[in-house]
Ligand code: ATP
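Before any questions on how it binds or moves, here is one chain, the form predicted on its own, in structure tokens.
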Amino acid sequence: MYLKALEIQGFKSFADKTRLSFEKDITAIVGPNGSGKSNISDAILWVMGEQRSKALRGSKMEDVIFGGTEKRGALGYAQVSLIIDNSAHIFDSDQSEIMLTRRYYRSGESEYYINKEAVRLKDINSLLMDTGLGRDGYSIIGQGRIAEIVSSRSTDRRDVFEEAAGISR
């Protein structure tokens, strides 16, 4: 299982539809300050069901929608799709790829999809359970979280590593 691609449209600084394709051996995303690196990790967390706007570095969920610039107007929705390789059939599906999609409108309405079929957030959470992925998983560790993990008790650190490895419930 690995992240094959990320499609972002209208999410934070990504006004236009942008597709990031990843190879199996990718280990880092690099770029200058303000280039959108943190927005990429926020997009991944968000599509996996993150509900706390503060975890996405915003004050309200509407902050994930592109807010406009002097030359370009604000958009009405944000959409992120995460394409995950499933050739090892880690997910309960015969398909070789799993696409998770989340769309959020300024009205506050959210839509979730698995392989372009409408689902509930609960279905996304169930799919990701025991994979090491998910909004509460430790596969993605945000800024400032490293110091918290390093300074925690050894049993707490073990829980973090078990969750990241996908071997805990």
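What you see is a predicted model, and the numbers here were worked out from it, not measured in a lab. For every residue, the number given is its place in the sequence shown, counted from 1.
The form predicted together with adenosine-5'-triphosphate exists for this protein as well; it is not shown, and the discussion that follows is about that form.
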property: Residue stretch of 47-55, 97-105, 113-121, 33-41 approaching adenosine-5'-triphosphate in the model of the complex, non-hydrogen atom distance within 4.5 Å; result: 33-41
property: Partner proximity in the model of the complex: Asp63 to adenosine-5'-triphosphate, non-hydrogen atom cutoff 4.5 Å; result: yes
property: Heavy atom of Thr18 within 4.5 Å of adenosine-5'-triphosphate in the model of the complex; result: no
property: is_contact(Ser13, adenosine-5'-triphosphate) in the model of the complex, heavy atom dist at most 4.5 Å; result: yes
